[in-house]
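In structure tokens, one chain follows: the form predicted alone.
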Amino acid sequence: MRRGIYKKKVTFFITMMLLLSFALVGCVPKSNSSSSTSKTEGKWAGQKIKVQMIGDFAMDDKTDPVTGETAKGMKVVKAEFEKQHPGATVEFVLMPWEGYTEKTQAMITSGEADVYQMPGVADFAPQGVLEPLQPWIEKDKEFSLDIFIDNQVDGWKALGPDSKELDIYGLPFLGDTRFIAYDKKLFDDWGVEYPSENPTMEEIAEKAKQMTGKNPKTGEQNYGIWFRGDWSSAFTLVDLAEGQNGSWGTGFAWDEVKFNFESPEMLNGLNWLLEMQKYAPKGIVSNQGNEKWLSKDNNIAIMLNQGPGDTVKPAYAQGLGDRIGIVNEFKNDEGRGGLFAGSPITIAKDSKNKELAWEWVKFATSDFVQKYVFEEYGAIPAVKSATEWDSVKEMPLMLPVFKAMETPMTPRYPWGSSQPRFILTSEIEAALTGNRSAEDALKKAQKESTEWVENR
């Protein structure tokens, strides 16, 4: 009798344990059980692309040590792309700006990625390593070039190995531009009228002179102007020539390029920089003297050749958004002038998944990614819709930035990422440091750049 009761208890216990086990198995999240097969289902099942990106991008969230703001990592972009393209996988190769040209060349030579962020598209397209994008644009009825800010698509056109005219090898990804920035407070302190929207060299020179010396209200030493005398000085000088209706030269294909580095406009521009050096703090050749810029103790009135990434968000982060003004760089009589800047996005010719790569190009130019790079990293969007974003409206300085993006010289200077740029930069430095006259510096830059092209 007792043995029978005992058997019933044991049977009941075993039955309950089995039921509990089945219940626990049923509670396992489906996402875990299906994660191993998620990439084998969907329209893009099993397809993978690798995307190279340049800048401060990171996969994980990171905190800015200056502003204290946390930027969402690229994992957010990866998740959204894979969500929109079921079965697909995107991997990233993230690299800093330092040495990006050489690293990109090594990657594309070895076929390491499918998509590249490529400011030097004019150098790579002639190598035959990039996919022409016009056929993809034409057959994709849902995609339109009208989404981009005016002038942005033309700026990245380049010559392929067999091209007779400029073609589209890259689409705008990161926008950028150059402008003249100024400190309204210093102008007010000195009683000087703000710069006009399209200032001339004469106007900027006169105002720089007026605001160099002891500030009449604070008694502090002020400087009328600052410009970088090293890294970007070649572009500053070329813009000065363009403001006089001159140019860097002619041609786009290397066998057609002719430099005008010895032109009267270039010589006048370099002499102008030498004159402006008198009204700037010491150290411009080594990128110094501007340490107080974008601070409440700023002592510089006018900043030449400035970019939005170093101006807009930092100004608002310091509570100086209303104090800073932006006007155009020097323009020719047609309203054009200045460096076309930014980064396009391209597809590798040897990509094995070009359809998915094209999907990435479209995704990278969508509002989702364009908002991401602006709101998380302060990079500049290249799409017209950005003017309507709340995050842009909170920063009114972005509106003159977008206007400035419409008027640089296009297409991008073909030598902008090549040796002639560094040759010219070096000779400008020589003139600014008194090691060579302006005339001798430009003569040397002309000779060496021409020889480089001929021996390329």
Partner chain sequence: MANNSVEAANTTTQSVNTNTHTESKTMKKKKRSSQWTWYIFLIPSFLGILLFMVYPIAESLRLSFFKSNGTIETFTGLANFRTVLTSGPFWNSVWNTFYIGIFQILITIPLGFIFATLINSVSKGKNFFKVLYFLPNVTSIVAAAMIFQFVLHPEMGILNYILGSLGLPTPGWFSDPATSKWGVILLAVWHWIGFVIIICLANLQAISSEMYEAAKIDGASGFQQWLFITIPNMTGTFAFLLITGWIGALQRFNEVYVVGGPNGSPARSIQTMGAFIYERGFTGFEFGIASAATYIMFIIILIFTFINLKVSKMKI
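Positions refer to the first chain, counted from 1. No experiment lies behind these values; they were computed from the predicted model shown.
Keep in mind that the form predicted in complex with the partner chain is missing from the display, and what follows is about it.
| query | Would Trp389 count as a contact of the partner chain in the predicted complex, using a 4.5 angstroms cut-off between non-hydrogen atoms? | reply | Taking the distances in the predicted complex, the answer for Trp389 is no, it never comes within 4.5 Å of the partner chain.
| said: Just checking whether Pro281 would be counted as a contact of the partner chain in the predicted complex - the rule being heavy atoms within 4.5 angstroms. | reply: Yes.
| query | Closest heavy atom of Thr109 to the partner chain in the predicted complex, within 4.5 Å or not? | reply | Although the partner chain is absent here, Thr109 would touch it in the predicted complex, with heavy atoms inside 4.5 Å.
| field | Any non-hydrogen atom of Gln47 within 4.5 angstroms of the partner chain in the predicted complex | value | Contact with the partner chain, no.
| Which residue among Asn245, Ser286, Ser196, Thr250 has a heavy atom within 4.5 angstroms of the partner chain in the predicted complex? | Residue within 4.5 Å of the partner: Ser286.
| query | Among the candidate residues Val401, Met53, Ile423, Met409, which is the single one with a non-hydrogen atom no more than 4.5 Å from the partner chain in the predicted complex? | reply | So the residue touching the partner chain in the predicted complex, by this definition, is Ile423.
| For the chain seen here without its partner, which of 224-232, 144-152, 198-206, 163-171 has a heavy atom within 4.5 Å of the partner chain in the predicted complex? | It is the stretch 224-232.
| said: On the criterion of a non-hydrogen atom at 4.5 angstroms or closer, are Thr89, Asn353 and Glu376 all touching the partner chain in the predicted complex? | reply: Verified in the predicted complex; spot residues all out of contact, no.
| said: Do any residues of 147-163 have a non-hydrogen atom within 4.5 angstroms of the partner chain in the predicted complex? If so, which ones, in sequence order? | reply: Not one residue comes within 4.5 Å of the partner.
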